[in-house]
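We begin with a single chain expressed as structure tokens, specifically the form predicted on its own.
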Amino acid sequence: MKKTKKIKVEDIGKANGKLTHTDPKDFMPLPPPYDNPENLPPWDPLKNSDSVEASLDDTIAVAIPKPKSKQEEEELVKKFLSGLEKLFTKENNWPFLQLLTLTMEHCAKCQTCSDACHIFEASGRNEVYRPSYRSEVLRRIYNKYLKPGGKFFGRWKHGPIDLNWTTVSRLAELSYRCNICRRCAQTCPIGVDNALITHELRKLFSQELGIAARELHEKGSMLQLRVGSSTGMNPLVVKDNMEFIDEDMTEKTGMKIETPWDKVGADVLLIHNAGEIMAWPENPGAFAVILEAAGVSWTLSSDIPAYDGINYGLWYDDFQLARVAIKHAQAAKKLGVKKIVVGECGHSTKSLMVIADRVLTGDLNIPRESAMTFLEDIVFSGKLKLDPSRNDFPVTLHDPCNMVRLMGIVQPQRRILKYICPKFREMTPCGVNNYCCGGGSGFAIMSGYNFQTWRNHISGRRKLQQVLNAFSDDLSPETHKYLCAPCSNCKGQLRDLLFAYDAWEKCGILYGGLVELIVNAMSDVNPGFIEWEWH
């Protein structure tokens, strides 16, 4: 493997072209059939980037407009420094101050985090993608500009760094070269959290400079709060779509399916990621089949934005997260449900169940549950008639980082798969040690410029390797194989990844959720719920 040019931390402030380049010849090798270069997707070069900052590497995620003057550059740098100061004050950043300070003050530079990072490894160990590179840039700025005496002793004690517009704009883009999967934090022997640095940088840029990925902010949380869903669906449209799904499910399964809306006093308020309704309607349809067959008292809400569980604020802005989480809880309170169940979506589950604990106090602190434990209780309750022989094909499981590594929901989905899928096999590694799909922290919905090429070739590369290895006993396209990914965001990334590598035609690999496998095994519905040819 070709070694990339050695890049120093202080190089980030030097305006001398791109800081680094990405070359497919450097990337981590893949197993067959992708060890043959003819089977790899092309690398689309970056184009039409003259009006935006593009000096970090060979792709763009944020597309920051170039300042029109030196004065504007200086104003933005001042805003960055002002925002950085706020991150280290209790009144402005009480949730994360302690861990952020620990991460700034302590790093043994052992690089254990680098060996755990799928992006660093897949890129051919590109120095700029090393988890500690981003953190070390911020650490030097922190020590030079925020610590007493830093301008005199910072260079000597911590190394040189220049804070200028080149540094700031590259750092903004660099905060979107990390999936925030926190595999690096899990492996750090002293508790340094490089992923938190990524999160805090994104928050600083969003709140102080108005810089955020358009897909997360303008087309994400802002659209969701205004219309009801990041998909653009208003309450009338989402009801219309669900009615169509109900008709399709009724015809397909032979069971009468009618999704309940706004049912006061229901036991369960189910909140899907609305992307499922648009892109994978069989997933909310399968949920409806299971809940009806199990006799659960449940409902959806048509309140804005309670029919869309996404909460992109988790990845870039705490204020946005709180606004969405409160509205989800208010909808549940209005209906008087006993609990909220979050559908198959990792970041929705984490944001509403764990992070929202700090926001939803008093009568908004309504019980919340993951779909994984909820479905496990149903499957093993005996209320469904299940025939595992209907799932007699190879199945493997992708562990969504937010649910598994960051929340510890590891076994419920495994117990279900081992029960209903006789040919289930694990990926290596798996569980809390599993790798990100490559679409985490919002990447799965970001495709501007050539960013999709970057995530297909780099951030998703380790996951593709894992999937191929899990099915390595028979990669022929004639043998249909199922990649179970119980997370809407992960499915978006896996869809793009498998399509880019033509994995259905070359290897017979299909992806989907967990509930589809459960319904496919239900012996009292029509057989063949999983449609292999829809890919």
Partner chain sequence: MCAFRSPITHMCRCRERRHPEGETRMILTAALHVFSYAAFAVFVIAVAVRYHRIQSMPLHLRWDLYPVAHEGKRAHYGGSYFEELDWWTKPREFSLVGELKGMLPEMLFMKALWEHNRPLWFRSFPFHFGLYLLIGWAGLLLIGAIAEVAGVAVSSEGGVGALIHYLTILAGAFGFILSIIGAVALLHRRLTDEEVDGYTSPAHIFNLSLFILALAVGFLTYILADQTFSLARGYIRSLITFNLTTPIGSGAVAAEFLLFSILVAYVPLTHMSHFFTKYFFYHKIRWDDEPNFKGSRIEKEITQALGYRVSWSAPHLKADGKKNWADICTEEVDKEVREEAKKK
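Positions refer to the first chain, counted from 1. Just so it is clear, the model here is predicted, and its values are computed rather than measured.
The form predicted in complex with the partner chain is left out here; the points below concern that form.
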{"property": "Heavy atom of each of Asn39, Asp246 and Glu282 within 4.5 Å of the partner chain in the predicted bound form", "result": "no"}
{"property": "Sole residue of Pro429, Gly295, Gly254, Gly408 within 4.5 Å of the partner chain in the predicted bound form, by heavy atom", "result": "Gly408"}
{"property": "Interface residue in the predicted bound form among Arg177, Arg390, Arg462, Arg140, criterion: non-hydrogen atom within 4.5 angstroms of the partner chain", "result": "Arg140"}
{"property": "One stretch from 274-282, 444-452, 167-175, 313-321 that, in the predicted bound form, holds residues within 4.5 Å of the partner chain by heavy atom", "result": "313-321"}
{"property": "Contact label in the predicted bound form: Arg182 to the partner chain, heavy atom within 4.5 Å", "result": "yes"}
{"property": "The partner chain contact in the predicted bound form: Ala108, any heavy atom under 4.5 Å", "result": "yes"}
{"property": "Close approach of Arg368 to the partner chain in the predicted bound form, 4.5 Å, heavy atom", "result": "yes"}
{"property": "The partner chain contact at Ile190 in the predicted bound form, heavy atom, 4.5 Å", "result": "yes"}
{"property": "Any residue of 215-234 that, in the predicted bound form, places a heavy atom within 4.5 Å of the partner chain", "result": "His217, Met222, Leu225, Arg226"}
